[in-house]
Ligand SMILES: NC(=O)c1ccc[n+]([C@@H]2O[C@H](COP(=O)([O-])OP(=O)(O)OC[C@H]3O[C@@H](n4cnc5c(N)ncnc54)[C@H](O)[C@@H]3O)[C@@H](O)[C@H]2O)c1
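Shown next as structure tokens: one chain only, the form predicted on its own.
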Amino acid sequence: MFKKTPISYALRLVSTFMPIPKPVLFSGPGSTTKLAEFMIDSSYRRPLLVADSFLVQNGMLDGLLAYLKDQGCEVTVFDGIIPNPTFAVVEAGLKLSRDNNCDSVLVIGGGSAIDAAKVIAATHAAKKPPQKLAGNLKVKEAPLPFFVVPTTSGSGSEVTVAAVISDSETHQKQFVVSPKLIPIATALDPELLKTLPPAMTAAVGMDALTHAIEAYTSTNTFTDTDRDAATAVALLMRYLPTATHHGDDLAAREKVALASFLAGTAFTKAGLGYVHGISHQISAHYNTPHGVANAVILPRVLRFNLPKVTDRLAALERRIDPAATGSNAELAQRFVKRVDDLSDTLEIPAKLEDLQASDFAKITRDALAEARRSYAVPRVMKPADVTKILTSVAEGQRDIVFA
């Protein structure tokens, strides 16, 4: 049984007494149009459409824009999204929203677009700058009604209570956390996912796997988070390789999108862990894509946590392979090896070339601080443990041993 920490008790209290809503879910080819119909039927006809620029420039949203126009909607398009969006990006979208008197936000894009759109929607109604919303439960007014169509399957932003926005100057990541950031509805449309490049499909899919595993091994687990996280792990192990290497397989794309959704519901309630604590700092230092950083860090943290999560990882291995035999220790090791093999199949790098030893002390300090205040981890790291992980990432060595 996990040893409870103060943050574990605090997170359980919040999760128990502050129920988190789930969005209405549309899934399958054509679900984007179904979501748009739902938005219109809900009497929202002046949306701010937040979208990744390549979707607009390549005409991938022309059909949707024509449909919305035919239905009498007045759409304002904001496509100034960048990876790891900053508050300056939020402020640019906010200005468009206010200048055009938008009554809702419809976002079609990846995690960066969704995070930016969440904070735009929240700030539109607030009488304060977006920076003042950073932190826990600081969104007081109801945001603009918010609808999401993710074009990547990994961030889970389409179902979570959080948005990550970077400081415009320091690029330090800030978290805006509130149940008010849950969208009204989400569409998982594989037609918009099929052109996602293999490398990005792999990275964001491993991000979803990280969400699911960290939720499942949190000390703040619940029956429903265990169910959703375990299902997400099983779906990703089965379908992520196909979605990566055969991107036009719409069934595999939809399964991976569903896994991301389930992983998002799980970690929203159960929490995350050291993979995210470390990867957030790496992204802040080197602008490394979040999914890539998580994918590289995950195997190391699994090995660190292994003594405390043996039974949990063994249960995941049995979920993936019901015929599996052996002790829990053997099955847990087999699961870790399965994650390694998946990383190799997806061509996830074993090392990050940009990592600099001179940054290790700050990365370590900030990662431990983030985990200490935010995550119900199964095993507590010391600075030397984080340094060992960072060194192994710089050297490309996954199979490391901890004391």
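In this text, residue numbers run from 1 along the sequence as written. Remember, predicted model here, so these are calculated numbers, not experimental data.
One more form of this protein, predicted in complex with the ligand, exists but is not displayed; see below.
Residues of just one listed stretch (126-134, 219-227, 111-119, 324-332) have heavy atoms within 4.5 Å of the ligand in the model of the complex: 111-119. In the model of the complex, none of the heavy atoms of residue 38 sits within 4.5 Å of a heavy atom of the ligand. Within 4.5 Å of some heavy atom of the ligand in the model of the complex lies at least one heavy atom of residue 197. The ligand is not shown here, and in the model of the complex it never comes within 4.5 Å of any heavy atom of residue 305.
Mapping the unseen interface onto this chain, residue 164 counts among the residues with a heavy atom inside 4.5 Å of the ligand in the model of the complex. With the partner omitted here, the residue from 183, 93, 85, 277 that has a non-hydrogen atom within 4.5 angstroms of the ligand in the model of the complex is 85. Contact annotation: of the candidates 262, 89, 236, 204, the single residue with a non-hydrogen atom within 4.5 angstroms of the ligand in the model of the complex is 204. Counting a residue when any of its non-hydrogen atoms is within 4.5 Å of the ligand in the model of the complex, the hits in 129-160 run 151, 152, 155, 157, 160.
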